[in-house]
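One chain follows as structure tokens, the form predicted alone.
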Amino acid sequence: MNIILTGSTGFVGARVLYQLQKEGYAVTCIPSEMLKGDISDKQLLSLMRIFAEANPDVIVHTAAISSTVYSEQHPDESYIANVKLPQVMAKLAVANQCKLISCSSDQVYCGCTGIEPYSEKEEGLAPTNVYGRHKLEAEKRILDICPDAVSLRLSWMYDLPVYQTKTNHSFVLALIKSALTGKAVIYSVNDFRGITYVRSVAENISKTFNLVGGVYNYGSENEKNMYATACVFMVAMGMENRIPELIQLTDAQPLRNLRMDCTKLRGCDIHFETTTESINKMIADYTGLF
């Protein structure tokens, strides 16, 4: 099976590339410079040539501007990268009669007022940040162009820095930095969200190739608030005695709930560890470092 991958040098894409090659797929990576800005006719012709040569069965589209802060500050850039580019990929998928797997985000639920995990059937979504609005619009536009396409709503992800592999700002790195510097971090008991080990995202990606077109919550479920989740990590690291020193609890933040219900995904036999389980999985993967 032939795969075309975008964002192969990014935080998610690099892990996806490694996993797909490990599983024996032939992967063609689209250079990031070919996907910058509004796609010109010249860029599109170059992309069409790559697609013709690669003869893909699946496009895995991970390229994006993934920073909510940057998207808020640069909404025009975010719209091009997070709405227009996925539409180009959807059109290329139709033209080449191949499957499109595109990365969306749990930020589409930002602004919802419920207290239970959200399913894909959640109605009246109206994200309160630019990034979430753009991801939600991209989902709709992709399916209008390519009804067989799959949009995966990813949660906040984490990993440890790996040599020559990009990492992101995550709660794991924040807690490790706190342990090294002694500077406490603050987490709220009113903040709820799933947090996913990015390697589990990559390990499950090939299982999405046979999904029916539509939107899927894709990541770890988590019943704990962010303060309790941070404590889970500290306990797993053997630093429970430092919790009072390094983690400050607050209840001042208003309720925020980005938890996703992944029942639909499990029904397709795709399973993620809970956030607590995934923390222990990551530590096991890096046993030699601790």
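A residue's number is simply how far along the shown sequence it sits, counting from 1. Predicted model, so just to flag it, every value in this text is computed and none were measured.
What follows is about the form predicted in complex with a small molecule, which we do not show.
Checking Y187, Y197, Y109, Y131 for any heavy atom within 4.5 Å of the small molecule in the model of the complex turns up a single hit: Y131. Contact between I279 and the small molecule in the model of the complex is not found at the 4.5 Å heavy atom cutoff. Q21 falls outside the set of residues with a heavy atom inside 4.5 Å of the small molecule in the model of the complex. None of the heavy atoms of Y25 is located within 4.5 Å of the small molecule in the model of the complex. Using a 4.5 Å cutoff between non-hydrogen atoms, Y216 does not count as a contact of the small molecule in the model of the complex. Note that among 49-57, 261-269, 65-73, 235-243, the stretch whose heavy atoms approach the small molecule to within 4.5 Å in the model of the complex is 65-73.
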